[in-house]
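Below you will find one chain, with nothing else, as C-alpha cells; this is the form predicted alone, and questions on how it binds or moves follow later.
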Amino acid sequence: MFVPFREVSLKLQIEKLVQGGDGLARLQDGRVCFVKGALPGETVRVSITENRKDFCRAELVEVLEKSLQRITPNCPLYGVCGGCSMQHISFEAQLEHLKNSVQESFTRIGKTTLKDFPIHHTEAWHYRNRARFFKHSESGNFAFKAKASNGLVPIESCPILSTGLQEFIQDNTHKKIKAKELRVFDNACGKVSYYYKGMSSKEQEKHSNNLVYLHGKTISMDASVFFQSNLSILELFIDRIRHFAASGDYLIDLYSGVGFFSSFLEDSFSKVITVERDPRCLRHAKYNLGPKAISVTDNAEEWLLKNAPIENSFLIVDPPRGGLSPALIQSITKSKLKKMLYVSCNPVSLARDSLLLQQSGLHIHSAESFAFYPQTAHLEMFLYLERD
C-alpha cells in the first residue's frame, strides 16, 4: 500500500547502507526508503520527507534498536552542520561501507565484479587542508552551510580541519575580511591562503597564491582553484599513480587543473599535453610543468574530439563528479589508445563509464581507492585500464 505523505512516522528495519551513506529499508508496498543517519541492523522510527512512486526518503526520528557500529559523534554540531555525514559510525565501519558501496555500484551499474581493492587512508581527524567558509552576519564568526539548507552554522572549531585552518578561523584579524564567502587553503608548511570573489589581482598575489611541497617538487596553486583537500594522503596517491603510468611517447592529461599529475609523470614521457578549461589553472601549470609540456586551455571533450589520442599515448582523466560525457567516451573507445588511468571522485559515475570503456576493449586491470574525506561518504578512486 502506498504510504501517504501525511503519515510522518514509520517504524522500519534498516538492511544496509547505500552510496551516499543513507540506510536502506523496505516499505510494505515494496518501495525502498532511504534514511539519513540510520545503520544496518537497526530498527528505527522515521519521518517521511520525500514521497515518490518508486522510493521515499526519510529523516531519522528515533533509534529503537541500536547497531554496535554506532558511536557518539565527535563534534557537537554534527547533524546541524552540513559538512560531515558519517560521524555516527566508527571509522573502521566507514571504510567497510565505502568498499561495499563501490562493489555494489560496479556490480549493478558497471556490470562487473571488482576484484579485492585497497582503500588507502590516513588519520580520521584534522586532515582537511581546504575549506569554504561563510561569514555569519549576526555573530561575525566564520560558518559552514547548515545541513540540507542554505542556512549558516557559526563555528569556533572543527575536528576535521587541519591545524592551520583551525588557527585561521580563530584569528580575529581574519574575521575582519569583508567577504561573505572565503575559500581557504593550508599548505601544511606554515602558509594559509584565502580567496574571495572580487579580490584584486594585487590582493590575490599576496593572500591567495600558495605553494605545496610534495615528493621534492614545489607545486604552484592558489585558493581560488581546485586542489585536493587532504595533503596527508596525497604523496601515497602520487606513488600509486606513478606505479601504473608507464613511460612512453605521449602523456595526455585531461581535466588537468594546475598540471598536478603531469608534473610528477612528465619525466617518463617524451611529450606532455594538459587540457584544462579554467584559465586560472593555466598560469600555475606553466610554473609546475617543464618545457616538454604543452598546456591547453580548452574544454576536454571538445579538445579530444578534435585530437584523437594516438596508439602509443597514455591517457589520464580526472573529470568532475558527473564523469565523462558520452561523446568523450566515444572518442576514447574509437581511438587505438591502449592504456589509460581514470581518476574519479564519484564511484557511481566511474562504474557507469567503465561499462562503456570495457565494451570497447579497454578492460579494468587494477582498481584502488583513497579515503580522502573521513567522516563523509565521499571516496576517491582510480581505475587502470588496458586494451586487449
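Only a predicted model underlies this, so the values are computations on that prediction, with no experimental measurement involved. Residue numbers run from 1 along the displayed sequence.
The same protein also has a form predicted together with a small molecule, omitted here; what follows describes it.
Between 167 to 175, 311 to 319, 93 to 101, 264 to 272, the stretch whose residues reach within 4.5 angstroms of the small molecule in the predicted complex through a non-hydrogen atom is 311 to 319. In the predicted complex, Phe226 approaches the small molecule with a heavy atom inside 4.5 Å. Although the partner is absent here, Lys145 is not a contact residue: none of its heavy atoms lies within 4.5 angstroms of the small molecule in the predicted complex.
In the predicted complex, Gly257 approaches the small molecule with a heavy atom inside 4.5 Å. Among heavy atoms of Asn299, some come within 4.5 Å of the small molecule in the predicted complex.
Of the candidates Arg277, Arg283, His136, Arg240, Arg277 is the one whose heavy atoms come within 4.5 Å of the small molecule in the predicted complex; the others do not.
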